[in-house]
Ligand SMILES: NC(=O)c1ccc[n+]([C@@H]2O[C@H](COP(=O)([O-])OP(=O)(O)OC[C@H]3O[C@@H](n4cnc5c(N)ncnc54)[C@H](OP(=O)(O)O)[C@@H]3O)[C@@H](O)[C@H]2O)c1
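Before any questions on binding or motion, here is one chain by itself as structure tokens, the form predicted alone.
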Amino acid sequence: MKAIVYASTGPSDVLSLVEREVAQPGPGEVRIRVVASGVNPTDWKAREGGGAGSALGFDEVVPNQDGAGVVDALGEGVTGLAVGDRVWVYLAAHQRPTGTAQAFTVLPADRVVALPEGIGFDVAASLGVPAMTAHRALTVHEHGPARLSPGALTGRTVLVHGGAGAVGHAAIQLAAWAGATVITSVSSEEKEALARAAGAHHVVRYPDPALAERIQELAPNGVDHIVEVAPTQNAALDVEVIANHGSIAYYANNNGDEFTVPIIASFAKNVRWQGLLLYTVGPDALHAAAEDVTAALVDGALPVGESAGLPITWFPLEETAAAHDAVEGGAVGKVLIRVADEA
């Protein structure tokens, strides 16, 4: 089978296309015929590692955490899945060398989720890291909810920073599906159009010295949940617009590796600052996210494509390096790799 691998960390030219034997699934594992592989910032960052030549945990690694395809074989003891099932997968390369940039991948069964009828592989491969991160960001409020469903966020106001990014897009969609009023911040007219297509009720543009005032006009009682991609840049703004007992969930370090917080203003509002990383969040949170994301799929709440606010850029498997470079370069929307035909 064809696979993209790297045997040492570094820039995208460490990736190479090779032929490998198709692995057999062991107990509790599932083999997937991969149709589409999703690329996230975490994928190129993992490949880059600590710099060129830094150590890997395996002789070679197949990159990319997310993807979608068809169950091809089941290991001993696997239940709830059958050969031929269409599925989406997450954390494929976490503590394993078995990412989705290959024709077949073998994964633990609990990282493989059955796709509802009628959901395309483009949607399925766009889930994983973005949708599950968004789910976690929306479920860490002091007063809940711990799970998302229609009505779970009714009466809440959610502010999503970077609403045209993959996580921001998923956060808008999930929050709106759960009944929240959604405000999002973007940096351009093009991204504003994408955020509105995703379902945001209000869009604000930055940079803007009056940004806090604009958000407060939209949410005079404060914002209940903030999904934060750039805490270095936005921490003071977030505290200014957050409601009492609000949560600020941050998942990235855009624009800096450290941030400072107005202390009195934060504790006066009982603000909860919640960091989140899927790799360390634990199985309970992952399984809850997978179940709720799948329920949102059933309701048609997570479409992709430009008309849904998330343009898709496709690359063939042999151009995985270019796909990584596109994500590292800030490509708008979602970058996917077409590993195989859907048939």
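All residue numbers are counted from 1 along the displayed sequence. It should be emphasised that the depicted structure is a prediction, and the values quoted were computed from it without experimental measurement.
Another form exists, predicted in complex with this ligand; not displayed. Remarks below refer to it.
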This ligand in the predicted complex has a heavy atom of only one listed residue within 4.5 Å, and of Thr154, Asn255, Asn221, Asn270 that residue is Asn255
Which of Ser266, Gln216, Ser149, Ser187 has a heavy atom within 4.5 Å of this ligand in the predicted complex?
Ser187
Heavy atom of Thr42 within 4.5 Å of this ligand in the predicted complex:
yes
In the predicted complex, Phe259 touching this ligand (heavy atom, 4.5 Å):
no
Ile242: touches this ligand in the predicted complex, heavy atom cutoff 4.5 angstroms:
no
In the predicted complex, Ala296 touching this ligand (heavy atom, 4.5 Å)
no
Would you point out which of 300 to 308, 277 to 285, 313 to 321, 57 to 65 contains residues with a non-hydrogen atom within 4.5 Å of this ligand in the predicted complex?
277 to 285
With the distance limit set at 4.5 angstroms and only heavy atoms considered, check whether Leu74, Arg96 and Thr98 all reach this ligand in the predicted complex.
no
Of 126 to 146, which residues get within 4.5 Å of this ligand in the predicted complex if you count heavy atoms?
Val129, Thr133
